[in-house]
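There is one chain below, alone, in structure tokens, taken in the form predicted alone.
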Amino acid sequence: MAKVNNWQLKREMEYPYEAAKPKKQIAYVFDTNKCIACQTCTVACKTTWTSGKGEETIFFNNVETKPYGGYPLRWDVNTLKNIKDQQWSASGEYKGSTIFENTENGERVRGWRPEERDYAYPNIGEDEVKGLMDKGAFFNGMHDVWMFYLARICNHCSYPACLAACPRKAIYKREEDGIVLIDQSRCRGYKECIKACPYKKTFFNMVTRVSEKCIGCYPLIEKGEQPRCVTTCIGKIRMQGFLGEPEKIRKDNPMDQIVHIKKVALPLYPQYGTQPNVYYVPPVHVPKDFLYQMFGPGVDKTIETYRNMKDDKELLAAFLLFGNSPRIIHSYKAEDKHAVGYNEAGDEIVRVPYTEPVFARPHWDPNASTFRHNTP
């Protein structure tokens, strides 16, 4: 085992291979507070990439309802069982073991392989809330019962468990953008990647007998466009870009601003040790103990920063760019009245006002001799 630095854990950890950083790292930010579980992202991804034979139960993208939902069934509960002592220090350093450090019997990754039946319930727990409402109860600042939607894709991890576990070395991380892919000509269907991935985002095709996973929409990325799940999102909860290393952050990079500088988006289950590159704004209405395990330390500060975003023009400008351009935004600027996004060449590609213009037409239209209403 090699020693690699995991900045999310604030320490070095064991990993089967030496660190090999890509030239730039693809990353995503999802705002869980805005997701309505319309499943538009799921359908867009499904119809684009996994509509063939043997892919009926393969969802590169899915949206599940927490706390009871999960695809495959109970994926998070079963993978968390493989980690011992999930403790964080007061300074944010992870003191427990990762899936690469708690191995046994010569395995490279401590994993769990779902049964075939576990993939039969993609909508399990949908819209089910935690707890019961008492008769006569009313809203008083915070709901006693809760649920939220969690959109999930492959995390294109910096230290992928699927890559570490593959005995055929059929899985690789692209040097140009950090996207994790499977070379299906080398895959022999051993399913070690499926067992190893703690997020269960590698799948086995029963017809082709090889593994498949999210490809990050790399044909679009190569053209400077954001992935399908991002551009089709109705709630505008997603942004895709490229994330810098903590020591090489740029204030004009919206991803760096959100993740590194303002720390308003956190990785999902960072204790696995994979250093995932999909970051989530935690739901503000969910009990903190649940969020601590899911997103690690820093949840309190993150929610406070998110709630006060209106007072931080730079952060607000970064969030206003969500869903407002199909192109990848490499840099941005917070102007007096607009948030402006630029492509890699520095050309302006989107301009979003802080305040949406409102137009109210006269109630009486003399030209048509009729009354008109200003309805949405």
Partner chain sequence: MKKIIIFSIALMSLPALTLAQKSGDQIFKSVCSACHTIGKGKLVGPDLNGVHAKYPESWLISFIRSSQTMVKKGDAKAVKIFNEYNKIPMPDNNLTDAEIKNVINYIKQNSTVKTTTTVTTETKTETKTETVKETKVAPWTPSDISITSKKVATELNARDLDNSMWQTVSATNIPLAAQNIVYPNLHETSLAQMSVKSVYNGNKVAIWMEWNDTSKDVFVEVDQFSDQVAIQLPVDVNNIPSYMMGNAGGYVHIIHWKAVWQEDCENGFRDVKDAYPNATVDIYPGQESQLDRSRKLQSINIRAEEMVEKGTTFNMPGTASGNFMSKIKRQQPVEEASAVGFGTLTSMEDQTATGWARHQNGKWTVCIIFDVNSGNKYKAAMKDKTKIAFAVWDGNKENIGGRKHYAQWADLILEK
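Residue numbers count along the first chain shown, from 1. All figures in this text were calculated on a predicted structure; none of them were measured in a lab.
The protein also exists as the form predicted in complex with the partner chain; that form is not presented, and the subsequent description refers to it.
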query = With the partner chain left out of view, which of A265, A165, V180, V278 would have a heavy atom within 4.5 Å of it in the predicted bound form?
reply = A165
message = Between Y172, Y292, Y199, Y119, only one gets a heavy atom within 4.5 angstroms of the partner chain in the predicted bound form; which residue is that?
response = Y119
query = Does M206 reach the partner chain in the predicted bound form, with heavy atoms at most 4.5 Å apart?
reply = yes
task = Report whether the minimum heavy atom distance between H260 and the partner chain in the predicted bound form is within 4.5 Å.
result = no
ask   = Given that the partner is absent here, does E212 sit within 4.5 Å of the partner chain in the predicted bound form, heavy atoms only?
value = yes
request  = Answer with yes or no whether K310 is in contact with the partner chain in the predicted bound form, where contact means some heavy atom within 4.5 Å.
outcome  = no
ask   = So which stretch, 47-55, 62-70, 336-344, 323-331, is the one near the partner chain in the predicted bound form (non-hydrogen atoms, 4.5 Å)?
value = 47-55
request  = Could you list the residues in 320-335 that come within 4.5 Å of the partner chain in the predicted bound form, counting only heavy atoms and keeping sequence order?
outcome  = none
